[in-house]
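First, one chain by itself: the form predicted alone, in structure tokens.
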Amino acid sequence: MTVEIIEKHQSFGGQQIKYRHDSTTLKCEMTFSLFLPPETKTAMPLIWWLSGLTCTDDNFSQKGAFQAYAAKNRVAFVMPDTSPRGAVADSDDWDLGQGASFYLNATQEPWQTNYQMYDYLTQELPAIVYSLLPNFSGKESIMGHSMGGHGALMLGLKNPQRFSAISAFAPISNPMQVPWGKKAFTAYLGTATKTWKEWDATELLKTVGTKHAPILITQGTNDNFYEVQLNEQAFLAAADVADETINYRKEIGYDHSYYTIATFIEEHIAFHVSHLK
């Protein structure tokens, strides 16, 4: 497979690189971004970042303010795009279609042909990224924001042997019960709600139990999406039933923006590093 470098920038002694490749899983051209810390002979772990609705792989690389901490801790970061792109199914609604994949495998047309993001993130893209990492340690963790927070929780819980830590900013932790999730799941998965459970972090937490990685969540109290889309009560209740401890932090005055992410990203990276190393 040909992987082409689109752009490359030096940052804190490391390299921020944007790539393009033809995806056989998604049947379209895709981009992703990769941050490589300054090279050493030390084995390098990898953190996955999943972005939210309407985003691309550029949002976190340009606004996440993570590179200094990644360079200091000698961890690589990979930022996939949020959906298939180009001549694939789309919607006029901003919260459905391109930029809004919810990181699942669609079973309904017209989405099924291209929207196989779970397979892309668990099979095709990892193989590409691993080949680009010098001295990869084999250790991985995952984090994300909003829809990407849902993705990080969902992928982390479905793959407990793969990820050493999971964290999220303002995640959609119970998509089956909120408008964004209901809309996307109905379109991508159909109306049989029993099929939705395998993509919902709250439902997964009920079945995974103590096998999953440690979880850190940061939620701003001034997030205008919180009450309707991002409420944590069902997720934390499922954790209580499973006798699980979730490190859930509400930060006073912070909102849904990348200003919040930039403020607390050092804390999240430290959390991941403590489990990756």
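Because the structure is a prediction, the values reported are computed rather than measured. In this text, residue numbers run from 1 along the sequence as written.
Just so you know, the form predicted together with another copy of the chain exists too; it's not on screen, but the next bit is about it.
4.5 angstroms heavy atom contact with another copy of the chain in the predicted complex for Gln67: Gln67 belongs to the contact set for another copy of the chain.
- prompt: Contact between Thr245 and another copy of the chain in the predicted complex at 4.5 Å, heavy atoms?
  reply: Answer no; every heavy atom of Thr245 is more than 4.5 Å from another copy of the chain in the predicted complex.
field: Non-hydrogen atom contact Tyr19 with another copy of the chain in the predicted complex at 4.5 angstroms
entry: Output for Tyr19 is no: heavy atoms all beyond 4.5 Å of another copy of the chain.
message: Taking any heavy atom pair closer than or equal to 4.5 Å as contact, tell me whether Ser11 reaches another copy of the chain in the predicted complex.
response: Ser11: contacts another copy of the chain in the predicted complex.
One stretch from 22 to 30, 59 to 67, 44 to 52, 225 to 233 that, in the predicted complex, holds residues within 4.5 Å of another copy of the chain by heavy atom: So the stretch in question is 59 to 67.
query: Though the partner is not shown here, which residues of 132 to 169 have a heavy atom within 4.5 Å of another copy of the chain in the predicted complex?
result: Going through 132 to 169 in order - heavy atoms within 4.5 Å of another copy of the chain in the predicted complex - there are no hits.
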